[in-house]
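Just one chain is shown here, as structure tokens, and it is the form predicted alone.
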Amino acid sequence: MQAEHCQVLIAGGGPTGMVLAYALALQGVEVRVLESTPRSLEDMRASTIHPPTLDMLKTLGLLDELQEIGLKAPVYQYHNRQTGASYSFDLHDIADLTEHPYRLQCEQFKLVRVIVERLKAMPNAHVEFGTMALHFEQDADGVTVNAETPMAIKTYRTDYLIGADGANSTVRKWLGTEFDGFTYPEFFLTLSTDYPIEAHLPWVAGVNYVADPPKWCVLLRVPELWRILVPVSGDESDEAVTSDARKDEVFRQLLGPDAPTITTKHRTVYRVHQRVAKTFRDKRVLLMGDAAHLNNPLGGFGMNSGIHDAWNLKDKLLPILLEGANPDPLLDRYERQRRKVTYDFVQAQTIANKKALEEGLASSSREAHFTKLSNDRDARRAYLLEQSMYASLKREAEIP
């Protein structure tokens, strides 16, 4: 079986894999993306793009198109339903660092589709939907990859294989890489609706982290819909969690006992993990995005940290592929930088964000914390740099 050749083969066509593919292809690298699904699916999980990620997407010439289909959210807030207390944070407080002092609410599948259309016009880039990487073998000169299509097994030969194939990464499994961490006992349920929730909740902003002890939820606006995320018992079946009865219960808790029957556009239930791969690199095979690390979605760090992986790896691969640079120092640095940032920032911050909602904003320590942030400009700025992910990128750059 004759192998098809490319310089970089990316397993996984989500936002992380597609951003890397496009960034490399713009510089003339021969790139191929293998995506197991037959098309870009409407995945309703990730929808928040943070300011530094917007800076990166602008560099790639993608931002104008995304802003036309996204929704700017400069303000987000923490709100306690029991006390009525709200604490708002405005990203214009860090406008001196970025042209984009806002979150862009734009579902990840829209970003993927924009890039797919760009790649179609590039002779050095190919996206193959309905194709799943099954197995690979690497040697001193490259990697041979076998992949399955609906009709055949195909073989590829590539200089570097990138595993961006998600939480259940086949690439990571074949490497035998441990995926350390834990899985939360509860599920997360996401509902979306075009019902005007703001008519019932005059306090809402574009992004809301809502504590209602002992319950909590995340309520955010994307261009056409409101999205509600709530934790649910891990002991229930998917059918029970996504049932009409559970949907109605969620909206009654949010809008009150007299809430109308609300029609949803999407219902998704999924497990939530906090895990990091033991290594992000094995010779010519590298991991990034969910294949390398998983975290809960509170704060919107998952997709963004994956794109930051891609941005970092792009900067390492280009001198290797275009200038003949020694790969080992560069790719080892990719692993050191992104793995440490994942441990020190993304994992720690997302766990802390979940704990803040679970404890409720009315606890004395939590109330004191948010009061300090509201009244202390320096403390608030430091907090915004953490939550917007500028602080994590600064730490990354400091790692040799």
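Quick note: we count residues from 1 along the sequence shown, nothing fancier. Fair warning: this is a prediction, and the values are worked out from it, not measured in the lab.
Form predicted in complex with a small molecule: not shown, discussed below.
This chain lacks the partner; the member of L119, V276, A147, L229 within 4.5 angstroms of the small molecule in the predicted complex by a non-hydrogen atom is L229.
Residue V218 is the only one of V218, I262, V204, L254 with a heavy atom lying within 4.5 Å of the small molecule in the predicted complex. The shortest heavy atom separation between Y209 and the small molecule in the predicted complex is within 4.5 Å.
The small molecule is not shown here, and in the predicted complex it never comes within 4.5 Å of any heavy atom of G289.
For T48, a non-hydrogen atom is located within 4.5 Å of the small molecule in the predicted complex, even though that partner is not displayed. Looking at R103, you'd find a heavy atom of it within 4.5 angstroms of the small molecule in the predicted complex. The stretch that touches the small molecule in the predicted complex, counting heavy atoms within 4.5 Å, is 218-226, out of 218-226, 195-203, 164-172, 313-321.
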